[in-house]
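Quick setup: one chain, the form predicted alone, written in structure tokens, and binding and motion questions come after.
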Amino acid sequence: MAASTVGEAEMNSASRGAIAGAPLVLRILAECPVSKARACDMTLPHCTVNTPVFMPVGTQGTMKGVTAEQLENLGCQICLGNTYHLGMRPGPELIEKAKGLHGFMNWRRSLLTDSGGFQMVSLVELSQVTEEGVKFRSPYDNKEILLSPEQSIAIQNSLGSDIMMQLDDVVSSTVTGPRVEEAMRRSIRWLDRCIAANRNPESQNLFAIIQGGLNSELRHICLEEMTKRDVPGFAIGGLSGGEEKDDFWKMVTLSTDHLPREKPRYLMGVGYAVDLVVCVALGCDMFDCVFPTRTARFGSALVPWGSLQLKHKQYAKDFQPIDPECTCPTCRRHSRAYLHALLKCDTAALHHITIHNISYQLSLMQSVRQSIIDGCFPQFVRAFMDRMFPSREQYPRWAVDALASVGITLN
């Protein structure tokens, strides 16, 4: 069954938008006729990003142990920087003098910057939320800092990212009660302040972040209000923080059901391979997570059948590459035995595994995208799950249910 493709008029309209200098043009190339999966070209000021896309996280302007050139050679089209950390060190003034974060880190492709809101959860013991903004006690020098919506956007304007995130009021996905509604409604008010504060709307895209926790009614309210604002894109926030997977996927699909078709949909903080594939089926275009780089620093290499713990003795005399089918620099040059030995004595091992893990994530998303374009995404999903799990009894129940909700059955 062939995927439905974008019409000629829509293609011409997208081209005209790009010529006119719009900071973001989304061209839908193909949509899965069964699920909500879609393949798009997202044209940004620095380059066109092919979606679905996984975005590696470079918190302070770098992936740990990986150069910008290496990331570019892996085919990465967009990566992340963190407003909170870059705003603290080295500071927006210095980065602005370097012609923004692109110039500072010598990155020629697209950049997305987080707003700093996630630190409300990750640094909760150092932060206090008021209507004005978030007060942080610096982990570096213990000074008190106020991050307001206006300040978050001012820092991101100095960083010059292609996509900026609104400052939202973030609570853990496991929190319940009145605090969830308070955070959702404050996020709407803060979105308006972020829109007003953006001094570069012609070159920097501001994304809204849908909140509401695990409460479908609150998510509906937030979706209805935020989609009234003419922002270039939307993110689904407040998930992937320890909630039950059944709750997770239902909030994701509720959100994609109500987000506008013509704008990108970014699911924040998701990076496990199964989650990526399932959430593409649920209609998401963009993903980010520290998982592939963080797990590499523990000696764990990602493969289509799960992961290899290369510190284990079983790899001491194994002269295969991490994945015989992988073409990344690590798999082309080094064996499991070499990496196993290196892990005991040299941090270069972590670099090699990080390179492989980023390559794995990017290649996975390229394969997902191609299957949508080729009109065989449901078949791709079934083959992916068969390879990832030794038996069908081991398929996660939540994934089976989520996929069935959009017409993909795993029989």
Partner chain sequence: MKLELRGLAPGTRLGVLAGLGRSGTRAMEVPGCLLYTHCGSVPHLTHDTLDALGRLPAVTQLPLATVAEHQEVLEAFREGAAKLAGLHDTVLFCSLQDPAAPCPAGYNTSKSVSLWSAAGRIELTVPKYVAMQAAVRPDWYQSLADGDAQPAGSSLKRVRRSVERTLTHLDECVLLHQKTAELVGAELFGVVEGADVREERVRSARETAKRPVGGFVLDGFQSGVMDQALRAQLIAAVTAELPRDKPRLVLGVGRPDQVLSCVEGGVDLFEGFFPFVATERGCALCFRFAMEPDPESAVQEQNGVTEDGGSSRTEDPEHQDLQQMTRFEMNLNDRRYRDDLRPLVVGCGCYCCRNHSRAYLHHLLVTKELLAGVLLMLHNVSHYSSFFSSVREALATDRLETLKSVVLGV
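Since this is a predicted model, take the numbers as computed values, not measurements. Numbering follows the first chain given and starts at 1.
The same protein also has a form predicted together with its partner chain, omitted here; what follows describes it.
Shown alone, this chain has one stretch from 28-36, 365-373, 380-388, 64-72 that lies within 4.5 Å of its partner chain in the predicted complex by heavy atoms: 64-72.
Interface residue among 137, 261, 97, 179, judged by heavy atoms within 4.5 Å of its partner chain in the predicted complex: 97.
Under a 4.5 angstroms non-hydrogen atom cutoff, its partner chain in the predicted complex has residue 316 among its neighbouring residues. Residue 281 falls outside the set of residues with a heavy atom inside 4.5 Å of its partner chain in the predicted complex. Among residues of the shown chain, residue 106 is one whose heavy atoms approach its partner chain to within 4.5 Å in the predicted complex. Using a 4.5 angstroms limit between non-hydrogen atoms, residue 89 touches its partner chain in the predicted complex. Using a 4.5 angstroms heavy atom cutoff to its partner chain in the predicted complex, none of 50, 193 and 207 count as contacting. In the predicted complex, its partner chain lies within 4.5 angstroms of at least one heavy atom of each of the following residues of 317-336: 317, 319, 329, 333, 334, 335, in sequence order.
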